[in-house]
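A single chain comes next, written as structure tokens; it is the form predicted alone.
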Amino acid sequence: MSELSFERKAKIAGRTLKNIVLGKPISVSFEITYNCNAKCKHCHLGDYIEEPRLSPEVFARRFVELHPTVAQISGGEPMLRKDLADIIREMRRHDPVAMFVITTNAQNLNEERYLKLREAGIDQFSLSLDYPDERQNEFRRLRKNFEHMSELVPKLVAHGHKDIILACVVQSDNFRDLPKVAELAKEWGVAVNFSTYNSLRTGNTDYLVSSETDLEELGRIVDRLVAMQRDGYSILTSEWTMRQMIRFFRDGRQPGCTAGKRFLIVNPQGTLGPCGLITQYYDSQRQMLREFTKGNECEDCYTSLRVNSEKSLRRLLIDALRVIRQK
């Protein structure tokens, strides 16, 4: 995790508590473009999309209005926006406290751009990596993506900012490789976070871990990951969350979604949506709460964004203390 001052950590914790009490979002994902240079097999994006190119000031106004604890800059592939640093800089200008995270496939990331984005205000770089080898290239349909990350990540780590995380989606064809992903993260000197696959984007259920045999094996994999955590591997996903992931795959559902309340998105049009998996357009959070969240019965995902936004205050404290001790 990125190194933050004690004062800023305290302010982040205070804002999280305040937003929960006031019904404001903890996390907001700013999906600044739906265009992407990849065609990942677990995603519906990848083709060219005609969309507006809103100014940094538009995203900044939404950021100030929503006042989240965490601002996630995502897409599509956010690195396709040539004014990416300007967007981040304008948002950060209004708020020195919030945690700024960028989610990217890293194909267009280099050392120079990394430093510019840090200077603009990014605290954490979340790099999508689902396989610990060249299978990454074929799955993401990105030429030599794995090789590029293998060369780039150690160079970024050498700057000493501790701000790189590998984001791995757990699915039927890679769950046996999760310990290898954690080993690779340790080799590169970074942390890793796991999130569950869902079929909302594509309707493809093949990547769900569904058979009882596979679920039992996934349980053993989680046992191993927990042991690796205790041995000092920087696996950010808590044991509690990993056990919940197994339950999600087994039950095929996760009730109690708080999309629109605890978390939401700002889309490339500048309007609001409940999450990146459900396409809806609202002018305000109040409208979304009234017209979507109040009657929301979706149970079909357990993404990392949702997991971390919906934790109870007790669970947030337990997991925060675990990460601190791990460091």
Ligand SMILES: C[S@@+](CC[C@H](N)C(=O)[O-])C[C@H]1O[C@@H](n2cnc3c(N)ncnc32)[C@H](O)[C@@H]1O
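Values in this document were obtained by computation on a predicted structure and should not be read as measured data. Note that residue numbering begins at 1 and tracks the sequence as displayed.
The protein also exists as the form predicted together with this ligand; that form is not presented, and the subsequent description refers to it.
Contact with this ligand, judged by heavy atoms within 4.5 Å in the model of the complex, is confined among 251-259, 124-132, 111-119, 82-90 to 124-132. Note on the partner interface in the model of the complex: the residue among Thr241, Ser234, Asn174, Asn105 having a heavy atom within 4.5 angstroms of this ligand is Asn105. In the model of the complex, Ser74 approaches this ligand with a heavy atom inside 4.5 Å. When contacts are judged by a 4.5 Å heavy atom cut-off, Cys36 counts as touching this ligand in the model of the complex. Among heavy atoms of Arg201, some come within 4.5 Å of this ligand in the model of the complex.
Within 4.5 Å of any heavy atom of this ligand in the model of the complex lies no heavy atom of Ala98. Contact annotation for 169-198: residues with any non-hydrogen atom within 4.5 angstroms of this ligand in the model of the complex are Val169, Thr196, Tyr197, Asn198, listed in sequence order.
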